[in-house]
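The same protein chain appears twice below, in two forms, each given on its own as structure tokens and labelled structure 1 and structure 2.
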Structure 1
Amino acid sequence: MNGTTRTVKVGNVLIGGGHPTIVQSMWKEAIGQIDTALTARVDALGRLGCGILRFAVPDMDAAERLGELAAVSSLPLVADIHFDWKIALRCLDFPIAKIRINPGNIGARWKVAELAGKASDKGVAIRIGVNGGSMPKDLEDRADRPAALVEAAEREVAAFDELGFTALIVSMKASDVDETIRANRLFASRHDIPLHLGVTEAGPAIPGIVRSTAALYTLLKEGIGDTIRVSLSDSEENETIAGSEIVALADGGRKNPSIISCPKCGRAGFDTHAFLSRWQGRIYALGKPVTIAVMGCVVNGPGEARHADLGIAGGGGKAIIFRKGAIPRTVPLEDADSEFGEELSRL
């Protein structure tokens, strides 16, 4: 969240200007049949905290399908286009919210002008997405990588500035955490354009979440960044949960459920891992800022998690279910799931 950037409208969402940091994800597959299964998954991503959803649009067929989805989607959609500017123009015939293009991909100035003109007419934002792995030739080998990322972005910004197009968002992503942090700090010190933060090619879930948190939490805590994506070799749902958690920690004002739970140890009589794997999805789907505790030990559990809205602590063949301000209830372990489920639905 950054109070010093200009505000850019992305569908029904406002980015920058001190508005809450928006979490994004990107669809992992080609856009298929637009059916209720697809729209239900989009809705579910929204409940997990996803505020904007991006799709790769590699060809005209994909543009048509994205257009069909945009007409019914509960989330603002972004068309991600490489190389072919005509695909971008076609996407602008539909109610999409943003276009993401790669620097240098559009080509001739008149093409940029046509694209900016049509986006402006339709009220569609444009994100310039600079990527450390695909830099302009003359910047590729510059030793100061953060400065090179910023310069690549500034060249694109200049092209849109000349045209008077201001609904811009910029991202500068590297696979290196320090480089990503430094590039965004430098850009933020010079411009009032909202920043989309991310680490690129961040890897599978564990290293990807570590790298994304290190870069994005650090920047958001400094007031840099208006929207983020945690990019993982993992599902859209997991990208969204991780992104929501980073924003909750960095900005405060949590909007998603918080799960606290024991790591399990040789003392624990309750399999918190198995319990969580059964309940985690439903807890996150609540889509509101409740704290749920899953504790491995009836002795310390309820005490350690007494601030939780709902908690369970197991051990010795029984479970204790506790709610903030209510007297803890002891139930047999075999009833723990059903009792927990009932309490959860009351939240």
Structure 2
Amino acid sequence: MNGTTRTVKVGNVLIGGGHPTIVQSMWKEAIGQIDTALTARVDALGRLGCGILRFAVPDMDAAERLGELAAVSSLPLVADIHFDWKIALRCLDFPIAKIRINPGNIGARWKVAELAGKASDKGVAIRIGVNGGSMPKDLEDRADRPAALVEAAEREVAAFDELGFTALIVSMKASDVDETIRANRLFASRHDIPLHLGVTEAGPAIPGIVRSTAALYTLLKEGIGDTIRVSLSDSEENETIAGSEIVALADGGRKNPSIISCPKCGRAGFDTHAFLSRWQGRIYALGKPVTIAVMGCVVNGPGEARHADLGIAGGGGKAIIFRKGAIPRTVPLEDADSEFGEELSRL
């Protein structure tokens, strides 16, 4: 949430200008048939906290399918374009909320001008996305890589400035945490353009979340960054949940549920791991700042999590369900899911 940047509209979402930090994710597969299963999953990502969803668009067929999806999507969709400006122009014929391009690979300036002109007419934002692995040739070997990332972005910004196009968002991502932090600090000190933050190719879930948190939390706490993506070799759902947790920690204002759960030990009488795998998605989909506890034993569970709006703990073949430390019911372990679901619905 950066109040010093300009506001850019992406579909029905406002980026920058002090508006809430938006969590993004990227679809992991080629766009297939546009059916109810696909749209339902997009809707579910929105309920988990995803505010904007990006799709790779490598060819015209993908542009057509993304356009079809954009017409029925509950989320603003972004077309990620490389090399062929004609694909970007075709995407702009549909209600796609933003175009993402990489510096230098769209081609001649007249192609950029054609893209900017049509995006301006359609009221569509453009994100300039700079990655450490795809720099302009003359910047690839520069020793100061954060400065090179910034210069690559500034060249494209200057081209759009000349065209009078201001609905820009910039991202400068490296796989190195320190490079990502330094590049975004430098750019933010010079420009009022909203920044999309991320550590590119951050890795599998555990190292990826650690690296992303180190970079994104640091920048957000300094007032730098308006949208984020946690780029994981994992699902869109887990990217969204991780991003939502980072934003909640950095902004100090939680909008989504907080899950507290014990790691499980030798005295556990309740399989917290399996239970959370079944319920995590539905809990996050509540979209409310409630605290849910999933504890492994009845001895410590209600005590350690007495502040929870709703909790469950198990032992001795039974599960207890509690609210704010009070225990409204004890049920057989085989009924734990159904009884917990009833209590969750009351939240």
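Definition used throughout: the rigid core is the maximal C-alpha set that superposes within 1.5 Å between two forms. Numbers given to residues start at 1 and step along the sequence of structure 1. Here the structure is a predicted model, which means the values were calculated and not measured.
For the form predicted together with a further copy of the same chain, the corresponding chain is the one labelled structure 1. Candidate list R254, R145, F165, H82; rigid-part hinge between structure 1 and structure 2 assigned to R254. Comparing the two forms between structure 1 and structure 2, the rotation angle of the smaller rigid part against the larger comes to 11°. After superposing on the rigid core, the C-alpha of K318 is displaced by 4.1 Å between structure 1 and structure 2.
Core-based superposition between structure 1 and structure 2 puts the Cα shift at A336 at 3.3 Å.
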